[in-house]
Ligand code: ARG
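Read the single chain below, which is given as structure tokens and is the form predicted on its own.
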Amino acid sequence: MKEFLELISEEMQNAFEKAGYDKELGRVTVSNRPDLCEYQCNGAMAGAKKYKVAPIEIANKVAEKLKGSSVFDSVEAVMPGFLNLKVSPSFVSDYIADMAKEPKFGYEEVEKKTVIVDYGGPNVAKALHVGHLRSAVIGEAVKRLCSYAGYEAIGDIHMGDWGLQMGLVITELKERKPDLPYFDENFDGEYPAEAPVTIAELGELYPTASSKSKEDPAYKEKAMEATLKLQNGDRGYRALWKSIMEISVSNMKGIYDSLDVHFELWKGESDVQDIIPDMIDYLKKNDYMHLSEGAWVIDVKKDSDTKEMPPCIVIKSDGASLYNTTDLATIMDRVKKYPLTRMIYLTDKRQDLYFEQVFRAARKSKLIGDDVDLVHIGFGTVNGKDGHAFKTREGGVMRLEQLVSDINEKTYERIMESKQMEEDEARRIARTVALAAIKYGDLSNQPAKDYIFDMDKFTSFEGDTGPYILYTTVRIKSILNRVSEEGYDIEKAAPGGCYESAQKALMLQLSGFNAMIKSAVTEIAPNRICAFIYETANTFNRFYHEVKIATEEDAAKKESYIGLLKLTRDIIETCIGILGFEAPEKM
């Protein structure tokens, strides 16, 4: 199904051609002056130079060719040469009726290829904190958006489970519990089935070890040796690592589940260790990397670079691998396993340079072809009202599970302020609304920008917030439920006919759905969906306040209104589903 704006532009282009001008001048855009018109065409301004005539002359000729058009209700040429357009109510009504009948509202899916979204990135043995929120929320929305577009979308958590942080944890545990069998080189029995630490203890081990390593070079050296022993296959260290992995992953799954964030692949750096030796041999044999100060590196600098571009280090001088190594091996592994069209990585924007190095190294060494896009979405930080990184009241790093708990409680309080309901029901609804508050509060911003996590604002039922979007959706559901209970068959209602200006405005808003999804997919921009549903909610609420819906006595009008409500509900619920939350039945 063609996009609404495309159809309007085609009508305008034909008029330019009939008037004797280049049809490409007939591109139509949404009006930047909605008080004057709905759409506009500025092609006459560009045509004036080419045809050496006044732009108003071109505009008048084109307007003349559009008299009697079934697409436009009015076409007005205004100085110095703009074409102000209003669409025919019957044209937009017919388009909306067709959208309601089509799968995915007429959105044309892309070719069925695979997109991998790498959006978890937590380090094992470290507690998930507020810094992990954005990768989880944005990544899940991007994956769902790609899936809606028609791609085979695969989410990979890609845990940091093989680097220095594991060596630090093992070193600190060895200092505290040296008698554990994992540290006995002569132990040849079965290692304990029960983990040697709890998740709470594990959460304290890493920051302690990290702090020590910064102050004590000898301690850091021990941690690096432990890391190397783990990577080289030490039996005890591998068994300890496996035990730590099990309790860490179990804890992560619980927290991600609370955010309705899910991964198809629970992979980590460790999963490509077996293929790294072959990759290294390949890179050496084909002269893609060389020795530099004892380390093996790939030069990735280009003549066009205006900034410093260091080489990509693949193997350190001590023989240890790095994130670069495992990321390159992961790229190679994914290319072999999937018919990829794109890989999308979600991390802090401070890693922009790192990913540019890795992507260039992968391209240069032909680990990946030019037919697969490599995209890094660098996101900003989540800040408190003071503009600094969001922290607890005590000044510590806010754990992600605590943040979720706090906003659940705040949302529950808001619900109980205005509604009287049983506590269990209020708690259940609060969790649904809180999730919308968290995700919409994040996704409504451009990913690269920092934002303020304002709990009062995010949980408000007014303004550009998740709860406002849900409240609007619940209002639509309530109207549909009421007319259904009164005996009206809402399933038969179709959005045909256009009787009110507010109704037309809502139709025009919904008509932009397919173009919005297309641009959101192309730009990998979930924030475009947020902007669309916020404007849709506002437009619907104007319609709701200006038009009788449930009490309308004219049968044709009532069917048209109810059909439009159904379509509005379905489109909003599709959008929020892509963003990763849903609307309750009541609030």
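As the structure is a computational prediction, the values presented were derived from the model and not from experiment. From 1 onward, residues are counted along the sequence shown.
Not on display, but discussed next: the form predicted in complex with this ligand.
- Judged by heavy atoms within 4.5 Å of this ligand in the predicted bound form, the contact stretch among the candidates 106 to 114, 344 to 352, 281 to 289, 138 to 146 is 344 to 352.
- Residue-level contacts in the predicted bound form: of 323, 338, 183, 191, one residue has a heavy atom within 4.5 Å of this ligand, and it is 323.
- Taking a 4.5 Å heavy atom cutoff to this ligand in the predicted bound form, the contact residue among 81, 89, 163, 121 is 121.
- Interface residue remark: residue 234 is not counted as part of the site for this ligand in the predicted bound form, having no heavy atom within 4.5 Å.
- By the criterion of a heavy atom within 4.5 Å, residue 327 is counted among the residues contacting this ligand in the predicted bound form.
- Although the partner is absent here, residue 158 is a contact residue: one of its heavy atoms lies within 4.5 angstroms of this ligand in the predicted bound form.
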